[in-house]
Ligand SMILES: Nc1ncnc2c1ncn2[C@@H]1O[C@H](COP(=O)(O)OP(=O)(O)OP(=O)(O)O)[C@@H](O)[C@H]1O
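Just the one chain here, the form predicted on its own, laid out as structure tokens.
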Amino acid sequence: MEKENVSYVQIHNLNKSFAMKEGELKVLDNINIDIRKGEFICILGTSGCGKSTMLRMLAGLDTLYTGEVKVDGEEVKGPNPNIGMIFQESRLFPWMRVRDNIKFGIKKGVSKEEQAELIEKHIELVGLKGFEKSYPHQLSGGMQQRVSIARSLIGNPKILLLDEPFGALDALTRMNMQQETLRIWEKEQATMILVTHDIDEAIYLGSRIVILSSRPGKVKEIIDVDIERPRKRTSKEFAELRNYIYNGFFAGMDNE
């Protein structure tokens, strides 16, 4: 998957605080990140470090900050159809079947014939053939997240934001969903930005890993993951990078 060397997403001098009874609570402190088109970026940090807050700013869901957040040269001022977001909970409509949940993500102005083709394509893309008429409660957690991914991708976003989407899944399902996400990333060529507190997940998925400190979140290091894909979690290179990240940034901390 080829990537352009120009900056596509720009986060410059980003600061975020919340007003509390006890005073101002600073969440993000002078964040600077440049992301190339087509990259898979993992933002790694402990709970409360501001990584999900940053994702909300990129999605245009939070515009109360100082600094600069731009996508393709344009300032993010609100929700944008070219930016999709997947949350930890699948957030599907429980009264809708799989195909109708996915259909909800289609942009306006698409003919019924095109809609049917898009729905079919994305059902196949996320491996849900045969479950088109199922309701969310009839699906496993991993399958529900597949529906969420399809619903986000069907609008053809240029950027997909993932807010710990596999955090509630069991270990084996989580690894399977990581593999599926990589397959979709390579096929769709979208820029993906995932926040996680899981070191292995960040190494397995990321082109680069942005490590944030505990609150207030600051960029401690940005690591290029120079491990050939497909990556083996048991490889020497994988273990060496895991040890470097853990010992350098999280040893002695509650990494949850």
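In this text, all values refer to a predicted model and were calculated from it rather than measured experimentally. One rule holds for the numbers: they count along the sequence shown, beginning at 1.
Just so it is clear, the following notes concern the form predicted together with this ligand, a form of the same protein that is not shown.
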Answer option from 69, 225, 27, 190, heavy atom within 4.5 Å of this ligand in the predicted complex | 27
With this ligand left out of view, which of 37, 231, 208, 197 would have a heavy atom within 4.5 Å of it in the predicted complex?
-> 197
How about residue 49: is it within 4.5 Å of this ligand in the predicted complex, going by heavy atoms?
-> yes
Interface membership of residue 215, this ligand in the predicted complex, 4.5 Å heavy atom rule | yes
Can residue 164 be called a contact residue for this ligand in the predicted complex at 4.5 Å between heavy atoms?
-> yes
